[in-house]
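Only one chain comes next, encoded as structure tokens, the form predicted alone.
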């Protein structure tokens, strides 16, 4: 089961025609927030499985929610759009909610119709890396 915000995004994308999914993905690429000054770029972990240089960092906030940070070039709108979806759907969720997200949840969005299989593999790797970081945060 997906967290409510992420499920709404999945439903929205799944119900949209292919052309609108592409436009929505581009829109979400512009929604990825810039890294706050409190995050040292050296704290970001590269997801090497991505075709594009892609970095992420997670941390727990004071309420125990997971804060998610991404860095990816603006000229890579598909992976940035996916990062925007993850940020909007998961930022601030509990570690348990994030760990319960299936690695391939993006298949319910219909992204396989708009991005290459290699990019889809990178998307799965992003979720796996994020979940690994969350596991490490909560184990310590």
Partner chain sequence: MTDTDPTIAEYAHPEKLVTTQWVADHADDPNVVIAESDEDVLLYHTGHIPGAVKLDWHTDLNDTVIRDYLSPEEFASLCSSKGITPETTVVFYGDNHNWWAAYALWVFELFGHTNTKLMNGGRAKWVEEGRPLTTDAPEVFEAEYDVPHGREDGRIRAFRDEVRDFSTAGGQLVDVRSPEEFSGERLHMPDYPQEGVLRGGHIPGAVSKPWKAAANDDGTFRSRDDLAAIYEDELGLSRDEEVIAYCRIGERSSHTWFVLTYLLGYPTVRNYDGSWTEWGNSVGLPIEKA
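Residue numbers count along the first chain shown, from 1. The shown structure was predicted, so the numbers you read here are calculated from the model rather than taken from an experiment.
One more form of this protein, predicted together with the partner chain, exists but is not displayed; see below.
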Every residue of 25, 77 and 116 near the partner chain in the model of the complex, heavy atom within 4.5 Å: yes
Contact of residue 18 with the partner chain in the model of the complex (heavy atom, 4.5 Å): yes
Residue contact check: residue 30 to the partner chain in the model of the complex, 4.5 Å heavy atom: yes
Non-hydrogen atom contact residue 98 with the partner chain in the model of the complex at 4.5 angstroms: no
Residue 51, heavy atom within 4.5 angstroms of the partner chain in the model of the complex: yes
The partner chain: the contacting residue among 71, 112, 45, 88 in the model of the complex [heavy atom, 4.5 Å]: 112
Heavy atom contact within 4.5 Å of the partner chain in the model of the complex, the stretch among 77 to 85, 58 to 66, 33 to 41, 100 to 108: 77 to 85
